[in-house]
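Form predicted alone, single chain, as structure tokens, below.
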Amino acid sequence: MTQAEIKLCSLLLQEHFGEIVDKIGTHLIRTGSQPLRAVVHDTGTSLDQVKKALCVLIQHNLVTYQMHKRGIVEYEAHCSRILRILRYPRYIYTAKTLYSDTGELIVEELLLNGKMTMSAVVKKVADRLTETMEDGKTMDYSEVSSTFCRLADTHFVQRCPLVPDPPESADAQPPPPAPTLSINEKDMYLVPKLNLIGKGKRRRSSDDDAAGEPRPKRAKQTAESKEPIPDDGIYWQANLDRFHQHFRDQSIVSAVANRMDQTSSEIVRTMLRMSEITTSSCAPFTQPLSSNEIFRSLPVGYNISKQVLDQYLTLLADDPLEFVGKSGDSGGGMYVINLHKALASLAMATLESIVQERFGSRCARIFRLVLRKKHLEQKQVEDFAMIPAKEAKDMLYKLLSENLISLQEIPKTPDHAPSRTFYLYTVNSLSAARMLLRRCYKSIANLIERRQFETKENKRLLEKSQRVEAILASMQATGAEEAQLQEIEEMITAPERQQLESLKRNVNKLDASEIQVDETIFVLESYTESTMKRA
């Protein structure tokens, strides 16, 4: 665990959950698994606050617990899961792209709350959609429920593990200090049969109803008269690994489109779509697919003949990048997508791009050359790259000092005499990817700190702007005249308006930069994970 990762985790926890949760979460990241009493003692926080913070972290799957041999429950924070908070906007946008506004709000609610029952999600989303509709229009629970089922069918949402029912003979035994959660794999995407009838409701602005009954009393009465929840105890969460699989597939399709053409990318997209449920997210290859199956699964209206498809598949299989491989001849030819090779190619392209941006095109040429040839002596680098000896030497040492390439010594004699030793330059792609990952984490931490600083510096102006907007909204709702609205708008002066525009522009740039850096992190992370699983 690097300092850059710990710092970024701390910033994310503080921004999303507050100081106490940040304190407990960061402490667990630094120390590893610890029992409750040790956390209370080491952090100097009250027992009640530590319990609440751990509840929040467990609810969002950022901390897990397990029984120690001595019967003590230990809590452990997972840095990789905390770092996924960075990707929340991307998950939500993906759900919107695939399943429109309803899918977006379902995933957003699950990410905001960690775990929720299906009935609670459906009602909350229906209410939120109803509020955005015109007067007189409402959103049916059945529509939201059908979108939820589609998300479950494509594995974008999944059930949370449950506490298994105790055996009947164990009535007299005391319950364990911590329950063991489990779930059958076949039940993870099984949607409960709910008969949700109703429509979304709009929030009322008045605190009292027509009869003058206060809201808290009404809320209490409705809570008492509630029927039991039909899916009580069946909780759902967003399946982030499935979203990552979708991001990976989109990156592969985009890379094929850039390298070849749109038709090739559409064929690869079809193959990935056919394999998305049958292939595990960590598998190095997709399941073999026959040419006939691919032809039948191409999108409706995509007018290419079987003969043209076979030509494209042959071209893809013969491509040096080896994104697509041929695994047999039955069914017109069996084809697979080599996911590990695809991720490696994307990661290497990212490394080359970073070298070019930081050190120029000549350094990138040397880096690319060493990457392709595996091992080269300094004289060979000069000759192959066609760069003068002095310049080539400077560039090689620059890349060496940045840990982007490494030097391997191969002695001809046991005494390691320099005159009788080969010095070969090579690229250790895994260590280079890890080094760049650490830099990316540091960059995002700097971007978050800068955004927080910009917001803090203009806090007074932002509060004033929010107050003015609230007054304008309430006056528009009561039907105020144009002159009155103009007078309220003039409370913010021209220089202040200019300052607000500048702040908005800067914050948008910082947000966009965060998302772009996270895209690089995703490619490098996927490559390192895939390489480690193959090792």
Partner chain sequence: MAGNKGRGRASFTFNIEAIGFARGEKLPDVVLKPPPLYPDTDYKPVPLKAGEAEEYMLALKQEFRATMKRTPYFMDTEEEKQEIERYSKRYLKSYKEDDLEWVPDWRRLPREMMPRKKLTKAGPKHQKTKGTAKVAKVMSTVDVLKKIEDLEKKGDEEKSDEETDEKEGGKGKRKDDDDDEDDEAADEQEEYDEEEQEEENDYINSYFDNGDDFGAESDDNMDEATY
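Bear in mind the structure is a predicted one, so any value in this text is a computation, not a measurement. Think of the rigid core as the biggest set of C-alphas that the two forms share within 1.5 Å after superposition. Residue numbers count along the first chain shown, from 1.
Omitted from view is the form predicted together with the partner chain, to which the following refers.
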If we define contact as a non-hydrogen atom of the residue within 4.5 angstroms of the partner, is E463 a contact of the partner chain in the predicted bound form?
yes
Using a 4.5 Å heavy atom cut-off, state whether K96 contacts the partner chain in the predicted bound form.
yes
Contact of Y312 with the partner chain in the predicted bound form (heavy atom, 4.5 Å)
no
Could you confirm whether S10 comes within 4.5 Å of the partner chain in the predicted bound form, counting heavy atoms only?
no
Counting only heavy atoms and a 4.5 Å cut-off, does the partner chain in the predicted bound form sit next to every one of T147, L240 and E481?
no
The partner chain in the predicted bound form has a heavy atom of only one listed residue within 4.5 Å, and of D127, D140, E104, E293 that residue is E104
Using heavy atoms only and a 4.5 Å cut-off, determine which of R248, R451, R365, R81 is in contact with the partner chain in the predicted bound form.
R451
Choose one stretch from 297-305, 268-276, 252-260, 356-364: the one whose residues place a heavy atom within 4.5 angstroms of the partner chain in the predicted bound form.
356-364
Sequence-ordered list of residues in 30-56 near the partner chain in the predicted bound form, where near means a heavy atom within 4.5 Å:
L36, Q49, K51, K52, A53, L54, C55, V56
Core-aligned, is the CA shift for G71 between this form and the one not shown 2 angstroms or more?
yes
